[in-house]
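Before any questions on binding or motion, here is one chain by itself as structure tokens, the form predicted alone.
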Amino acid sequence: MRATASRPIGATRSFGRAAVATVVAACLGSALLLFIAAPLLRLTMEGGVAGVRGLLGDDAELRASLVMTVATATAASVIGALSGTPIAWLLARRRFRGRALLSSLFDLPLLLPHPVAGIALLLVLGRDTVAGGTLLAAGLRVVGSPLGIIAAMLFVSVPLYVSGATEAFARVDPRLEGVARTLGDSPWRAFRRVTLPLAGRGLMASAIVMWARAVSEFGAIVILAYNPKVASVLSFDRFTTYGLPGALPVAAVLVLLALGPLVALRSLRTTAGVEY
């Protein structure tokens, strides 16, 4: 009788603990959601209309900064995709001595404070350095130029592409490449006809993430190229000059710009049925 009676009591206690845990988890999740959503919604509501009005109206500096942001982020993403894809394939397909070190090297920029990344780039690409002086002699100024912005964006964003592209290539069965090789395809032809199309959506998703990260960069850019101003630097400049009201329109435009990559990523996921 005692054993029979103890089971409902134990079950009731277990149910009570599960209910409490569910309530606590729901409260914590709701608080986190509010913490993320409230600032973004407030920012968009406060500055979104003014930002769009300035973008379409008389704020030529905002338009120029947005064009500069999109152009340099696109250039950095193209360079990153072209140069990072072979490295990602190598990391996904080959096991070699130093592979862990190479992978860690590409992950390191993600862990650095962004001003530190800018300082590191300045030590290599500054006017008084070998690389910077050589480029300057060739007519390519890095510091204080769009080229410097591209370099900063590339440094902080390409690790995201290499990591995502490595995972995309790893999901492709190597045996499919082997079948193509047995049918007479060269390694490059097998890669182009088999591997690249199968990994294509993952590569595209990684490129979109890289572009979004490049657009949002501030710390490395402000060290290497304060001018010409990208949108993130312009928002900081207006905040320090005019205070919060002056920075709100630019910041709101950046939030709206961030929606583009999110929509693109969700479209890829919906079309492919795969979570990226």
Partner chain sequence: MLQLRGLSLTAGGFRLGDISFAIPAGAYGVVIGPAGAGKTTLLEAIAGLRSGVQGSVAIGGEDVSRLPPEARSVGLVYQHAHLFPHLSVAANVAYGTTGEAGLREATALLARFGVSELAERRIGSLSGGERQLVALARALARRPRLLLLDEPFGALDPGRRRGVRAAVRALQREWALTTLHVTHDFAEADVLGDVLVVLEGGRVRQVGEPAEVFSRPASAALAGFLGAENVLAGVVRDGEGSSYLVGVSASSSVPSPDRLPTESRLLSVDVGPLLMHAVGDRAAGPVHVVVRASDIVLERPMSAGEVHHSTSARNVFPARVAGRSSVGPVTEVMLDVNGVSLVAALTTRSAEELELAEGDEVLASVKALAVHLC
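Only a predicted model underlies this, so the values are computations on that prediction, with no experimental measurement involved. Residue numbers count along the first chain shown, from 1.
The form predicted in complex with the partner chain exists for this protein as well; it is not shown, and the discussion that follows is about that form.
Proximity to the partner chain in the predicted complex, taken as a non-hydrogen atom within 4.5 angstroms, holds for one residue of L125, M204, V194, L147, which is V194. Proximity to the partner chain in the predicted complex, taken as a non-hydrogen atom within 4.5 angstroms, holds for one residue of R99, R141, R181, R93, which is R181. Note on the interface: of 171-179, 149-157, 116-124, 72-80, the segment with non-hydrogen atoms within 4.5 angstroms of the partner chain in the predicted complex is 171-179.
Contact annotation: L198 falls within 4.5 Å of the partner chain in the predicted complex, judged by heavy atom distances. Put simply, D107 is far from the partner chain in the predicted complex: not one heavy atom of it is within 4.5 Å. In the predicted complex, P86 stays away from the partner chain, with no heavy atom inside 4.5 Å. Using a 4.5 Å cutoff between non-hydrogen atoms, D185 counts as a contact of the partner chain in the predicted complex. Taking the partner chain as positioned in the predicted complex, none of the residues of 229-252 brings a heavy atom within 4.5 Å of it.
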